[in-house]
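Take a look at this single chain in structure tokens; it is the form predicted alone.
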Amino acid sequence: MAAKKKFVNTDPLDIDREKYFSEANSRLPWWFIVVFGYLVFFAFQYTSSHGGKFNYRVYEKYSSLAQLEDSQPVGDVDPLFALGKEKYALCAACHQPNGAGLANLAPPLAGSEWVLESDPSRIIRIVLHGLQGPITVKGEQWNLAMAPLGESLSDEEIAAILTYIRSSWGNEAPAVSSDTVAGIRSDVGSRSMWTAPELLDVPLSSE
């Protein structure tokens, strides 16, 4: 009598589900983790570039980069402002193109009380002779050094840079004349870097 053949189930859908979904087989595939990680990364990049509150280039007063750009002067541009915008490249590496500053490097210029003083005497001194030691800007303490630029920039160039800074990124302060810069340069002469307490002792015409 012939031996009876043993039935073997070859149906791929008929599986031992308890064995298949064991702890070993329930782990996520490596390729799924990699793909998911890339999706999260690109989602963060997109949000950072297109969401105003996440974009480091957008000053806090605005909700998007478009609003920031719309706030910039349009129409006929004053030659002093145009020169200042060009020369501001010397400052942008630290203070950033949008004037928002950079943590552990340089304080913001946008909305800075030092920039917005109607009398620019103090900010002119900072550019001419540099700044060292602690200083408070917009309620935040900074303790870094800024190199003097008086030797490398003319009175007109310093006036142009400050005029640009004082009327950009939402700042609204009067223009700075080259005569004002020249007068301070002549009065102060050569000296070491300023400190914040020394600058606060400088009398302003508005005080």
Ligand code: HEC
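In case it trips you up, residue 1 is the first one in the sequence shown, and so on. It should be emphasised that the depicted structure is a prediction, and the values quoted were computed from it without experimental measurement.
Just so you know, the form predicted together with this ligand exists too; it's not on screen, but the next bit is about it.
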This ligand in the predicted bound form reached by all of 90, 106 and 133, non-hydrogen atom within 4.5 Å:
yes
Residue 154, heavy atom within 4.5 angstroms of this ligand in the predicted bound form:
no
Using 4.5 Å between non-hydrogen atoms, is residue 114 touching this ligand in the predicted bound form?
yes
Counting only non-hydrogen atoms and a 4.5 angstroms cut-off, does residue 145 reach this ligand in the predicted bound form?
yes
Verify the contact flag for residue 159: yes if a non-hydrogen atom of it lies within 4.5 Å of a non-hydrogen atom of this ligand in the predicted bound form, no if not.
no
